[in-house]
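The chain below stands alone, shown as structure tokens; this is the form predicted on its own.
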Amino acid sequence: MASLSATSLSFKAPSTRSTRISQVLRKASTFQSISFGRFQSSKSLRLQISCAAKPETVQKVSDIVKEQLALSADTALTSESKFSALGADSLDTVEIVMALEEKFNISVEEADAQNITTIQEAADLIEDLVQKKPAA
């Protein structure tokens, strides 16, 4: 199993394949997950890498979600908090996305908006859109 945080990568794999996996990681530029086929040991290996948004972006998204869903200030939210688990319906989710667009001065495509289910997914999308935004 492999995991990636903002600053580290941990990896456990059969030693005979570690060179090949390193080569794949060097060649990959952007991806959400990579699945490797079966090794000779007949154990499958799945490597998932995701880029985490900055903590301040996650906090801003959390604050907007609390405001849009009228949650109390002491409601604990994590980056993995799902909008639906917080009581949001599809209209609430649209309103959350609209508030995020206004706060970060971005435009979220409908297809992207429909894929946002957690605070982390929203924060990751925001940072991606902000980076792609042309300089004013």
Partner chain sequence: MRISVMSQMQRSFSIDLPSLIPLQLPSHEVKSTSLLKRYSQLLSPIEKDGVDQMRGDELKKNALLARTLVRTTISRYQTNKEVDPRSLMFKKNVYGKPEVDWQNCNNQPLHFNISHTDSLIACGVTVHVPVGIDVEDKERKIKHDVLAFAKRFYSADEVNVLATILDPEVQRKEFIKLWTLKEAYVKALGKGFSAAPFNTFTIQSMPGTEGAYNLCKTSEVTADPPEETKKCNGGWKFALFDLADSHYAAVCTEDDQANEGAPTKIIVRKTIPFVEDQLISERIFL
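Just so we're clear, the structure is a prediction, and the values are computed from it rather than from any experiment. Positions refer to the first chain, counted from 1.
Missing here is the form predicted together with its partner chain; even so, the following discussion is about that form.
Site check E67, T75 and A85: each within 4.5 Å of its partner chain in the predicted bound form by heavy atom
Yes.
I'd like to know if D89 sits close to its partner chain in the predicted bound form, meaning any non-hydrogen atom pair within 4.5 angstroms.
Because a heavy atom of D89 falls inside 4.5 Å of its partner chain in the predicted bound form, the answer is yes.
Heavy atom to heavy atom, is D63 within 4.5 Å of its partner chain in the predicted bound form?
Looking in the predicted bound form, residue contacts with its partner chain do not include D63, since no heavy atom lies within 4.5 Å.
Under a 4.5 Å heavy atom criterion, is E56 part of the interface with its partner chain in the predicted bound form?
Output for E56 is no: heavy atoms all beyond 4.5 Å of its partner chain.
Does A99 reach its partner chain in the predicted bound form if we count a contact as any heavy atom within 4.5 Å?
Yes, A99 sits close enough to its partner chain in the predicted bound form that at least one of its heavy atoms falls within 4.5 Å.
Do any residues of 102-132 have a non-hydrogen atom within 4.5 angstroms of its partner chain in the predicted bound form? If so, which ones, in sequence order?
Going through 102-132 in order - heavy atoms within 4.5 Å of its partner chain in the predicted bound form - the hits are E102, V108, E110, A111, Q114.
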